[in-house]
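Next up is one chain by itself, shown in structure tokens, the form predicted alone.
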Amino acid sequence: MDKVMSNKKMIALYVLPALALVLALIYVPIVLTGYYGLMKWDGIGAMEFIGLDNYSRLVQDSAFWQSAYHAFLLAAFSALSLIAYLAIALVLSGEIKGANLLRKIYLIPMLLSSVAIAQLWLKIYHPTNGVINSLLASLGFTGTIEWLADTKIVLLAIFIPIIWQYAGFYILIYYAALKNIPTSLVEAARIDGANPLQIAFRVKIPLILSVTKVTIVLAIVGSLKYFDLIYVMTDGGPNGASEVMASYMYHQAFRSFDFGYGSAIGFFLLLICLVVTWLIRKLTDSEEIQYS
């Protein structure tokens, strides 16, 4: 093994296939997206170079900024939901009955496709036969709530299934991190007289700070580029009330056949995600607690 690792040609031979895949599947598409954003193109005919006109149009496009506002709202909603996920993980990591069963139940949404989840929640939100409206009617509520047709509440109605969809994913991450904490540290805190809340906030949470940073980045950046469930449930409607940046990009490229402008939106979305990731890392930059 040492002989192989000291051979630079052999190292290059092993690295080359993975490097080629990364270049072909990640970096080349990014470069092409930025290039197409400089063009006026319908996706079929000849491309016409127009420079930064698409990006200038994007900056002045109120519909795009509305979709960006919705995406950042979803990002904030997702970031706040991490608190609930962490609380559930803290409970599950303790010695409670049924923790294994509950952990499996929380993972069920992860096993379903986004399309299946969207169809399920479309039935739940149905104005006449939906579970929610039927429950409200049984409690004496006489009105009919159009959950996905009311511009005032459609965003909240969309955010709830998205948060539900990824609950198991984040709970599992937090649970694994908490279980990796040495029990001796927890026992030492308990012997010193710390109660469960003090153990959680002064021992467990500080020790999984690095994992928490990762989940914040995943939740916020993932929300900024979210697309599939919104596309199936509302397609950005009604009247753009649930439009996000990714769905707006799709509509411009594949509905309006303006691939140049759609590419500009996609490239700008990438830049936003990179900047947000950098900001999160800077804001959460602190010395990590090491334990063995």
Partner chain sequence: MAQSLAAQRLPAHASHRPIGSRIGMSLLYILLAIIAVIQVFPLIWLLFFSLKDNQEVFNLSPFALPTDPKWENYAKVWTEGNISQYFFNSVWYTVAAVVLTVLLASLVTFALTRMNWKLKKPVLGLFMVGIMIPIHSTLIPLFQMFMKINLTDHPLSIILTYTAFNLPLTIMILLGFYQTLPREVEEAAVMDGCSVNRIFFQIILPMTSSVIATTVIINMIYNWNEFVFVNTFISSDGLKTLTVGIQNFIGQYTTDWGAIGATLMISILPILIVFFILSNRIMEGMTAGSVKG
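Numbering follows the first chain given and starts at 1. This structure is a prediction, so every number in the text was calculated from the model and none was measured.
This protein has a second form, the form predicted in complex with the partner chain, left out of what is shown; the following refers to that one.
*Asks:* Check whether Thr277 has any heavy atom within 4.5 Å of a heavy atom of the partner chain in the predicted complex, and answer yes or no.
*Replies:* Answer yes; at least one heavy atom of Thr277 falls within 4.5 Å of the partner chain in the predicted complex.
*Asks:* Given that the partner is absent here, does Met39 sit within 4.5 Å of the partner chain in the predicted complex, heavy atoms only?
*Replies:* No, Met39 sits far enough from the partner chain in the predicted complex that none of its heavy atoms falls within 4.5 Å.
*Asks:* In the predicted complex, is there a heavy atom of the partner chain that lies within 4.5 Å of any heavy atom of Ser223, even though the partner is absent here?
*Replies:* Residue-level check for Ser223: no, no contact with the partner chain.
*Asks:* If you check in the predicted complex, is Leu52 within 4.5 Å of the partner chain, heavy atoms only?
*Replies:* Close contact is absent here: in the predicted complex, Leu52 is far from the partner chain, nothing within 4.5 Å, heavy atoms only.
*Asks:* 71-79, 142-150, 118-126, 197-205: which one contacts the partner chain in the predicted complex at 4.5 Å, heavy atom to heavy atom?
*Replies:* Looking at the partner contacts, the answer comes out as 118-126.
*Asks:* Using heavy atoms and a 4.5 Å cut-off, decide whether Leu86, Val154 and Leu209 all contact the partner chain in the predicted complex.
*Replies:* Contact check failed for every one of Leu86, Val154 and Leu209.
*Asks:* Relative to the partner chain in the predicted complex, which residues of 29-66 have a heavy atom no more than 4.5 Å away?
*Replies:* Counting only heavy atoms within 4.5 Å of the partner chain in the predicted complex, the contacting residues of 29-66 are Pro29, Ile30, Leu32, Thr33, Tyr36, Trp41, Gly43.
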